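The chain below stands alone and is given in structure tokens; this is the form predicted on its own.
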Amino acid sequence: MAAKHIFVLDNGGFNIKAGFANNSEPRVMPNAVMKAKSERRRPFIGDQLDECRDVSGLYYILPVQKGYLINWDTQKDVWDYLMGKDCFNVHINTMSLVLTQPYLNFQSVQEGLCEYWFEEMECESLLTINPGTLSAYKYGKENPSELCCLVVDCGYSFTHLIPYVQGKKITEFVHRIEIGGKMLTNHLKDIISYRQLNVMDETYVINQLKEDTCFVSTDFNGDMAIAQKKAKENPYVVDYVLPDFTTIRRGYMRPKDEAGSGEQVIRMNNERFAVPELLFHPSDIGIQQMGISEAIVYVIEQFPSEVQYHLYKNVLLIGGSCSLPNFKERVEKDVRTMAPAECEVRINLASNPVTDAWRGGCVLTKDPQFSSQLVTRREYEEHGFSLCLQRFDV
């Protein structure tokens, strides 16, 4: 099957990653319809946001809430824009589609997806699959001698840990932690609004601030002690210049001793590493669950000892929150202290954690068995959703 006739769509909760299977890079855009105070009449779909003059007080209408697709009308608007002439101009009725959907997705949502793509869009053939499965497949192709893989998908709404043994997902040991990038951004909004400036409506700007200034601490107590020192002895204090959307389109970090010229700034200190710490200690904000490092060890310990050895040295990190500096080093340090001494611990960070599942989808389309995983429109018309349920491992 020619790669130019296959469209790969990684439908994330925050970003959509999409492109033809023969593209080198996906197009990444927000999976949302947004409304701005400056242009009340016009909704912005996906990357149309780049055309918005002033994104302060941006209002998001998200199709995906708490990890699952619930707002179908908004999702269809985003997909229509994506497939339309302003974006990819895809004739989906002559193409195969590889579509990601959440782990352990509700059957009713799965049925709705199949119904939409086959009946409304008249898609030629479809494969729905988990993003972790695509990343694990790509990892297996890059490391053919490895038998197992534990994918840690640190996404927008949740963090999932998904073990794969000889390419097969072990569904009963999939583990979910109720913290993702959205929780970190919201927590940072709370802290800044309490300490400095009311930013509760500025989700877009604070998300950029998080991406630009936050990092994961490898020694939390030590860093906290340093952050309590006076400004001259404290390397963590930075001023973040907020965008004004006339001369500054995106905020930026400014060294604390550099004089400004009247810009509005937020001073960041221990928030820079205390907010990402929630991924490792959710109990800090009352979520009674184990953090990522503990959960990795917990999931691996469900397996026989001979499988544990292989899983410990094949932990793969994907998802936007894994892009935070020092994330891999912190996970490696924590897991090493908890893992059995005789096991080699190897944490692998995807080259681009955000787009790794999309790239895995492109690699999968080259597999000789790929066409047998698809459900064609003719098969769907004959057998209905039950065939999709049987063939798709979600």
Partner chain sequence: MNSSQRESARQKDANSRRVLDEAARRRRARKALEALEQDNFHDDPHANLVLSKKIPKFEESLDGKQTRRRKSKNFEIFKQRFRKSFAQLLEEEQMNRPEPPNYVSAQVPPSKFPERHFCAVCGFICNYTCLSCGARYCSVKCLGTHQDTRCLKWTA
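Positions refer to the first chain, counted from 1. All figures in this text were calculated on a predicted structure; none of them were measured in a lab.
Absent from the display: the form predicted in complex with the partner chain. The rest refers to it.
- Contact check for T218: every heavy atom lies farther than 4.5 Å from the partner chain in the predicted complex.
- Although the partner is absent here, M95 lies well away from the partner chain in the predicted complex, with no heavy atom inside 4.5 Å.
- With a 4.5 Å cutoff on heavy atoms, E120 counts as touching the partner chain in the predicted complex.
- Within this chain, Q65 lines the site of the partner chain in the predicted complex, having a heavy atom no more than 4.5 Å away.
- Of the candidate stretches 134 to 142, 173 to 181, 313 to 321, 245 to 253, only 173 to 181 contains residues with a heavy atom within 4.5 Å of the partner chain in the predicted complex.
- The three marked residues, P43, M200 and E294, each reach the partner chain in the predicted complex, with a heavy atom inside 4.5 Å.
- Of the listed positions (L349, V354, A36, M29), a single one reaches within 4.5 angstroms of the partner chain by any non-hydrogen atom in the predicted complex, namely A36.
- Residue M224 is the only one of C87, V265, V165, M224 with a heavy atom lying within 4.5 Å of the partner chain in the predicted complex.
- Scanning 99 to 116 for heavy atoms within 4.5 Å of the partner chain in the predicted complex gives L104, N105, F106, Q107, S108, V109, Q110, E111, G112, E115, Y116 in sequence order.
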